[in-house]
Every structure is written in C-alpha cells, then in structure tokens.
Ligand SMILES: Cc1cc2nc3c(=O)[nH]c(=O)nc-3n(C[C@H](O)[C@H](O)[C@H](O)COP(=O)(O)OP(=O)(O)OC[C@H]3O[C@@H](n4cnc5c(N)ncnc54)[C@H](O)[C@@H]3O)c2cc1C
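One chain comes next, on its own, written as structure tokens: the form predicted alone.
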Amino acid sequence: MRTFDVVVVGGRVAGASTALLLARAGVKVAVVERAGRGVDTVSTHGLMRAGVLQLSRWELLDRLVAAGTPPITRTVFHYSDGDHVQVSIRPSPGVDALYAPRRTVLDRILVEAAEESGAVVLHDTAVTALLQSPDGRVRGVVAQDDRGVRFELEAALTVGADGIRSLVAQQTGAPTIHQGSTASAVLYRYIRGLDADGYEWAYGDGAGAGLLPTNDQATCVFVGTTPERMRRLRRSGREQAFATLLTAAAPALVDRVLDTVDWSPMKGWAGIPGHLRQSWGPGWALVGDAGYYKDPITTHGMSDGLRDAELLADSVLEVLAGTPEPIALAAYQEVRDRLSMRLFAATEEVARYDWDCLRARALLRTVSSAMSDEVDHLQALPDRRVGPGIAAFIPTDNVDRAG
C-alpha cells in the first residue's frame, strides 16, 4: 500500500488543478484518472474571465496560448427579435482575452503541471471502492489499472473530482443540498473555415446556439434545447435536428455555418439537471462536477472547476496546517455555494428555454453580475505562481503526520 497526504479521484480540470496547487505547496498527492492521457471529453470549451484569471495566476496561460488556442476579444449576442449586441472583452490584470481550449489541450497542461510539481498521476486506472475505517472515515481508495492489477492508496484526505456520477459521492452518501429541475440537450461539432473570431451566443425560439473558436483553427458550434424537444427532433436524424435548432436559435448564423464543408462528426449530450452536493465529510471532499454541476448553457463549467480547485486546495492546506477538518472544509463549501447560487439559479432559468428576448437579456445580466463577484473573490486570493516560500504554508510536522 502506498501512502499519500491526498488522493484525488479524477484527473480532469478540477482534479488536476487541485493536485497541482497542493503539490506546489509541498503536499504528497496522487491523482487516479480512469481515462488515458490527453483523451477528449464532452465540453463547452469556453473559459470565462474567472477561468482565464486562474490560469494566469498559476502561470499556465502562456502554455495555453503556445498550444495555439486563439484569443477571444469580443462576444456577440444574437436575439430572436433581430437585435445583435457586440461586447468587447476589456483587458484586465491577468486577463488579456478569453480562450476556449480543446480538452485535449487544457487537461494535458494541467496534468503535466501537477506532475512537474511532484504529484503522482495514474492514467488508465479506475477507482473501484473507497477505503474506510470502522467509524466510517474515508482513508483512501482501491484502484485497478488497465492490466487488471488491483492496489490500494491510503491518504489522510480523499478528493472526489470524478464527475457528475461521482463514485466518491455515491460511496460516502453525499447528500444533494440543492437540486436543479431543468436541463439542456445539446448537439455540437467542430467546423473549420467558419468566419468566427469571438464568442457568439444566440437565444431564439425555444433554442440556444453558440460559436466558440478553439484549437486547430476550428470552431465549436453547438445547439441546445429541452431534452423533450431534442428527442422529438432527433427522430428525423441528428443532422436535421441540428439544422432546425440552429435556425430557431440563430437565423443570422445559418448561412455562415451551413455554407462550410469541413465538419467533424456530430456529438451530443442528453442533458441532466444540475446539483449542489454536500462536499465534505470525514476524510473526503468533492470538487468540480462531483460537488457542483449546472447546465452547460451558460458555458461556465471549466471556470467553476478551476475556481473550486483553488478554494478546496486552500482548505486542505489549512487542515494539514492544523485547522480542524470540519471547520476548514465547511468554509470551502460555504464560499463555493455563495459564489455559485446566483449563477446556478440564472442558469436554471436559461435552461427552461421558455424566455422571450427581454427575459433572456435580464437573465444574462444576472449571469454577468455573478461572474463579476466571482472574479472579485479570486483576485483577492494569494498569489499561486511558482516560487520560493509557497511550501512553507504547511508546517513539516503536520505533513509528516498526514502522510
């Protein structure tokens, strides 16, 4: 059995970021990821200002740019009444532009940075169970690699960053403290040769759509509606459903999209209501979609994952420095919930797809205001750039006791 201070289950955005920040502080961390290194996953791609700020503060934004991720310097909102509103992305400290990276790019950058900082990352390895003491405290994981070899990793704290259907949440019985009721069903693909140099969002007749310029000179084009409507439309085929929803959401974009020829195969997401789960307990914590998931229509999931990774990492460091675990982890959840609830509620309303143009504009103003509150909080956090003195946050004797 190998022993760590922290084992992170899941090595995507939230899990890799949590491991990175803890490893930079001198914590002995292992990451267990079911998928292979650099494997793609369903994603909205778009980083909002908070997400870009995090990568800049962690000195990783340059890597994202070097990977060919195009800068987003404007956003256009298309409404069904024919109004088109363009907003320029104003540069601010740490944020020169927005970015929409492919997950094959972003996830790899985060994982490699975690490894460079000392984290042990195990890809192609599935966690099959949690190790628990007789009193119910989680003390690590049971895992199995792609050769079928089973082994145990013991840890003072186990972090579930393993997505919506989190095994850590299931096996700890983490209760849902706020359950969403709406969901978007989405179809998306990548198109080369599309004239798009900024984010474009469209809100039309019971449907939404978006254009997100990403890596490899491609643009991610998505359409979304309620799961019920999507099921009806897909009876005529996915291509027909895609064209119908694009026309309903964004008549002004139809010719631009359909006149192109270099299209990737279609991908889809059936939709699932959002949730906030109790995100800590004896020996465990949740981060990313495992603890907090909202509908992708507001394109904030990756930014949420980066934000909550830092909030949780700070609380874990406090635990290892001597703060009682319930106090530190409850504080993590309180801040997470406070920064999330307005955006969660507004996203729920957008995902109903029953708004008119006036209501859509009002909801988007709420979304923008909630994002500003989030940025203000993150800007006040300590500097996370690599440098001397960060590891001194945790007294050595506490680290030794934990590991």
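Everything quoted here is computed from the prediction, not taken from an experiment. Numbers for residues come from their place in the sequence shown, where the first is 1.
Beyond what is shown, the protein has a form predicted in complex with this ligand; the following relates to that form.
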* Report yes if any heavy atom of residue 22 sits within 4.5 Å of a heavy atom of this ligand in the predicted bound form; otherwise report no. => no
* Taking 4.5 angstroms as the cut-off for heavy atoms, does residue 299 touch this ligand in the predicted bound form? -> yes
* in the predicted bound form, does residue 44 have a heavy atom within 4.5 Å of this ligand? -> yes
* According to a 4.5 angstroms non-hydrogen atom cut-off, is residue 253 in contact with this ligand in the predicted bound form? -> no
* Tell me which of 35-43, 332-340, 59-67, 362-370 has residues with heavy atoms within 4.5 angstroms of this ligand in the predicted bound form? -> 35-43
* Asked: Looking at 209, 161, 316, 309, which has any heavy atom no more than 4.5 Å from this ligand in the predicted bound form?
  -> 161
* Listed residue (98, 167, 218, 243) with a non-hydrogen atom within 4.5 angstroms of this ligand in the predicted bound form -> 167
* To do: Decide if the three candidate residues 225, 275 and 348 all line this ligand in the predicted bound form, where lining means a heavy atom within 4.5 Å.
  => no
* For the stretch 66-89, return the residues whose heavy atoms include at least one within 4.5 Å of this ligand in the predicted bound form, in the order they occur. => none
